[in-house]
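For reference, the chain that follows is the form predicted on its own, supplied as structure tokens.
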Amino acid sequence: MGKLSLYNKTFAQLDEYLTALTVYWLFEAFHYKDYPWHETNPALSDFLDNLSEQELQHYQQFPDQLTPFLYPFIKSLRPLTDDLFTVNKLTSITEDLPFWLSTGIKGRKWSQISAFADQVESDLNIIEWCAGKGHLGRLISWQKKLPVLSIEWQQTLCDVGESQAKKQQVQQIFKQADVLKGQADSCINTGSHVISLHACGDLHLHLIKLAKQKKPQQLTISPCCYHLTEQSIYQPCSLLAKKSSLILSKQILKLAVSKQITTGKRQSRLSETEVLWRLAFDECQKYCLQTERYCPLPSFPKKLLTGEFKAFVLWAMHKKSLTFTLPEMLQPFLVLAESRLKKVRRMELISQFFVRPLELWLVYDRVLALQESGYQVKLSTFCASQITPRNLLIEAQL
């Protein structure tokens, strides 16, 4: 069976699986006071409600251990280790690199960069798409002795990258350009090998669409942040994905990147407080405005979480242009939020089984689109998920 039919088949199986089980993942937990399946699968709801906080935290860390207990409630659930969710793992070349190449780059980030660079085999001119400071391009230029053009829209990052390239004497130049406005389109040609490590959403999608017109000889892409897109509803890239009945909002797309590297205790506490306060504010505004509509809040400086809850509520009201009289006591809303948070965490316990399947669905959509554009494509993982959960690598060659 050729790669084309193999990837088609895998995508179709993923689509069938995700479509059949939408009730367990295609929802925004913050919008719900009870499980989306509380009527269709009450036994699962009871099972989750009876989990202790200790069990919850354990299964959040080790979801595979929960799988056997879920089979009586979700008979078609596949384990996270199922063949359908497994992709070929590439081996990294162990090479001693000079210490100065990684100067100013954090350990985990450097591990991602060096693992990605190991997979770039080319004697073509390298174009680094959405380069940031150009760490990846600089390493590849040093390793392969190749010229690298690093494209980045922030001039300050271009300046830092150029300074580093001169200091380390590598053949790397920078171009300041907004790729979404087509300002870098002319850089891509048939003699190019375009590389992109974790270009977000529309940034890597634009490159995949551009490849159809400009036909660069090679592409090596690790996608990221699928939800960072101008489209409110996901627009599939490939013909097969366009036939799917799945309708994915930006918020749902966040599920595909919800698996994170474990953070420190302080960061975990702040994250928990943030979720609790968001829910408590929602309870407050619902009570005061007599509405059932969920009120989402934008990102905010984490220092807000170290102050009083009332100050957070006032900030949120100002940010959302809401006017209402605050009750004297805000503690009851925090109590309601605690109850909701327990449900939310248990909903997430189930939806986490669909994080990788959804991400694979999105990445196979990109793979199939490149195949439709005439490329031979290979999908692999380029590093361990402990280094980055966004470890999928698309390699395409004409």
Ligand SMILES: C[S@@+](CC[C@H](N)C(=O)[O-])C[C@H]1O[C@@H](n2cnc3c(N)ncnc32)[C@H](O)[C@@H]1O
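In this text the structure is predicted, and so the values were computed from the model without any measurement. Numbering starts at 1 and follows the sequence shown.
This next part talks about the form predicted in complex with the ligand, which is not shown.
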### Message
Taking any heavy atom pair closer than or equal to 4.5 Å as contact, tell me whether H227 reaches the ligand in the model of the complex.
### Response
no
### Query
According to a 4.5 angstroms non-hydrogen atom cut-off, is S258 in contact with the ligand in the model of the complex?
no
### Message
Residue-level question: is K109 within 4.5 Å of the ligand in the model of the complex, judged on heavy atoms?
### Response
yes
### Partner contact for L248 in the model of the complex: the ligand, 4.5 angstroms, heavy atom
no
### Task
Can you work out whether the ligand is within 4.5 angstroms of a heavy atom in all three of G132, V179 and L203 in the model of the complex?
yes
#### Entry: Of S122, T273, Q154, Q143, the one that lies within 4.5 Å of the ligand in the model of the complex (heavy atoms)
Q154
### Task
Quick one: from L197, L219, V148, A117, grab the residue that has a heavy atom within 4.5 Å of the ligand in the model of the complex.
L197
### Query
Okay, which stretch from 279-287, 211-219, 306-314, 179-187 lines the ligand in the model of the complex, with non-hydrogen atoms inside 4.5 Å?
179-187
## Note on the structure
Residues in 347-377 that come within 4.5 Å of the ligand in the model of the complex by at least one heavy atom, in order, are none
